[in-house]
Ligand SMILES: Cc1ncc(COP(=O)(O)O)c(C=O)c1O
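Only one chain is given next, in structure tokens, and it is the form predicted alone.
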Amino acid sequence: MSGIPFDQREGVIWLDGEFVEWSQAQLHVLTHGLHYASTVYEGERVYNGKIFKLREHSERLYRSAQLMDFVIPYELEELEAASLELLQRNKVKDGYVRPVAWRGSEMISTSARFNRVHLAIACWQWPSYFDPAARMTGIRLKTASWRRPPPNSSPFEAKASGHYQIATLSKHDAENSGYHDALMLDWRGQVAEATSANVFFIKGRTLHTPLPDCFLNGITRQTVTELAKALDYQVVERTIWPTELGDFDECFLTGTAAEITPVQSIDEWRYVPGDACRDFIAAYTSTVNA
């Protein structure tokens, strides 16, 4: 990814129905979404000028807003058309799209019933989230001390900004200790996910993955499940305890940004990225570039 700060880039951003210069896409410091996390967003990958699974991402954005008790004031089709035009205006062929919706600054209190809902879309060139050269070497994870909360504590199916505070804290802690990312457990102590990616463990030709009952069932996660059928792998969604982590041969993360990223270790447990990682990386690459 380019080292240029995001507030200093060139191009245009779609903001509340208009294309504006990148530097002019601003909000007020008393925006409700900033103070109270009434913000939802999506992360979408662009391959050869096309947004992979655009409709699934768009529908999830609107569903997230509904779960956060606000209505996006634009039709879904208008959002998608704006996203595609934005790619052309910014000349992005392989990159990332970030639609984000939030409550504005009319009221600065917990209640925000009369705040205007804003919508913005930005896009930029973005290569692989993790270094492609090191992909098959695998990344190192550290188990986080923060845990995913129970499902009755928040609308976990919403891709909402407030859900990522513990992810940021956990990733920072992992990086400070020399790891690439963190493995998060849930409130029961069961394996959940990485900070912003789902996780699969492989034994033979079976993929084991945690039940998404307190975290997002990612779109890439769903894609891998679909690919498994064509590749003659079995997928088992089940409870996975940390004590089982030494029982698997391979492990990889899945996410729109991470794509499919092999894992070489989680704490003291070691994995050797092999045939399964290669199979799914190849199948996913072929699918997104179709």
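Please read these numbers as outputs of a predicted model, since none were measured by experiment. Residue numbers run from 1 along the displayed sequence.
We do not show the form predicted together with the named molecule, though everything after this point is about it.
Residue stretch of 201-209, 84-92, 156-164, 99-107 approaching the named molecule in the predicted bound form, non-hydrogen atom distance within 4.5 Å: Of the stretches listed, the one contacting the partner is 156-164.
Contact residue in the predicted bound form, chosen from A144, L79, I139, A197 - any heavy atom within 4.5 Å of the named molecule: Among A144, L79, I139, A197, a heavy atom within 4.5 Å of the named molecule in the predicted bound form occurs only for A197.
The named molecule contact in the predicted bound form: T225, any heavy atom under 4.5 Å: No.
Non-hydrogen atom contact D181 with the named molecule in the predicted bound form at 4.5 angstroms: Contact with the named molecule, no.
Heavy atom of H32 within 4.5 Å of the named molecule in the predicted bound form: Output for H32 is no: heavy atoms all beyond 4.5 Å of the named molecule.
Contact flag, T220 vs the named molecule in the predicted bound form, heavy atom cut 4.5 Å: Yes - in the predicted bound form, heavy atoms of T220 and the named molecule come within 4.5 Å of each other.
Any residue of 235-260 that, in the predicted bound form, places a heavy atom within 4.5 Å of the named molecule: T254, G255, T256, in sequence order.
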